Structure formats: structure tokens, C-alpha cells
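Presented below, as C-alpha cells, is a lone chain in the form predicted on its own.
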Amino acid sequence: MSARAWVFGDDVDTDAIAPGAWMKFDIDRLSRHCLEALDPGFAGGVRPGDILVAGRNFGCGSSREQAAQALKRLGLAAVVARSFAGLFYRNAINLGLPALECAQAGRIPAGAEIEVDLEAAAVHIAGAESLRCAPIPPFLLELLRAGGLLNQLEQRLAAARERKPA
């Protein structure tokens, strides 16, 4: 299934993703202001399944988990960037938001129809080329398949309870 690419540049920080002025509100309200300083139409225009594409150091700045949470709440299927700030990357994966590092992310034009293949570590641009990305380690792919860290833990606990004799 292909999705529309929303393209941003380098050094997009967590304050742009989850503006500090909206941090005191719930995630639904906060997400309506996601990236508004860079693209006022983003939060209102993004559709479930769309993919955010960015340059280097995406998610730099503070460690606020709400940045990844706001992107997920908007329904993004994944974030593809040339590189990620470490804390953002881990927050995204923990929340079940795929984050794929792709050195050639700059080749993806805004509005392009793209498809992300996490297993193959590739981004396919409709009618154009496929870009190789850094593979996501198997244990993180497993975490993403589970829907994030909390879901994975709940699944493991449920499985352990089922194995336990009554």
C-alpha cells in the first residue's frame, strides 16, 4: 500500500513536532499543532498511512515522548529520515511508530506516493526508484510488529500466564 510523502528538512526538533505551548493539553489537542511552525497545513492535511520524510537529525532537542506520540496519533505509518536523534528514534520504536534511516531520503519528493518495506529496509517511490535503507534490527522489528513496547510486554505477560499451570 502506498502513501503520500510529507517532506521536511534537517534538524527538525521535538519542539517543532510537539510545540511546548501545547504540552499541557492531551495528545489529541497537541497533535493538531504538530509541525505547524514548519508547515501549518501538516496536521490538518496528513491522512492515516501517510509517511513523514526528513533530512538529518530528525527529532533532535528534548527527549519528549509526545513528539513521536503526536506523529503516531495523526496516523503516520512511518518516519523515514537520513538520520534520527537517538532519543526520538527509541521513543518512536517504543510507541510502535516505525522509524527507518535512509541515507537517500532527500531523493523523495514532497507528495510522492511511496511505500515503506520495513522487512526489506527499503522505500519504493511510485513510478521511480527504490531506496535502500539501514536495516532495523530483528528485535526492534519484533517490537514494532507488536505495536510498541507496552503492547509487547502485555503480550509476553499474557503468554506467560497461559503457560502457567492453574
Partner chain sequence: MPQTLAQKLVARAAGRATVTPGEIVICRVDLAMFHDSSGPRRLKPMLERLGAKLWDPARIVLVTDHYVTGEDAESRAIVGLAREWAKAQNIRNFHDGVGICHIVLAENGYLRPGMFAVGADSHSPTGGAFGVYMFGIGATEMLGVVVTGEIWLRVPETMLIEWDGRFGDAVCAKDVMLYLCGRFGLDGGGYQAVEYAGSAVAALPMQERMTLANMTAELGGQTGLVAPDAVTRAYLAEAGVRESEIEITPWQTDAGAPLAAHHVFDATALAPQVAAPHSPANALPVGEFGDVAIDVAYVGACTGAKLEDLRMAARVLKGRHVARGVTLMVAPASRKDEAVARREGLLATLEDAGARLLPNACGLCAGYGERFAPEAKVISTTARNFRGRMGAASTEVFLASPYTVAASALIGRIADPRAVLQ
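Here the structure is a predicted model, which is why all the values come from computation and not from measurement. Residue numbers count along the first chain shown, from 1. Between two forms, the rigid core is defined as the largest C-alpha subset superposing within 1.5 Å.
Just so you know, the form predicted together with its partner chain exists too; it's not on screen, but the next bit is about it.
Although the partner is absent here, residue 50 sits far enough away that none of its heavy atoms falls within 4.5 Å of its partner chain in the model of the complex. Contact between residue 63 and its partner chain in the model of the complex is found at the 4.5 Å heavy atom cutoff. Though the partner is left out of this view, residue 77 does not reach within 4.5 Å of its partner chain in the model of the complex, counting heavy atoms only. When its partner chain is considered in the model of the complex, residue 73 lies well away from it, no heavy atom lying within 4.5 Å.
Stretch 22 to 30 is the answer when you ask which of 126 to 134, 42 to 50, 22 to 30, 105 to 113 has residues with heavy atoms within 4.5 Å of its partner chain in the model of the complex. Using a 4.5 Å cut-off to its partner chain in the model of the complex, each of 95, 140 and 150 places a heavy atom inside that distance. In a rigid-core overlay of the protein, residue 158 has its C-alpha displaced by at least 2 Å between the shown form and the other one.
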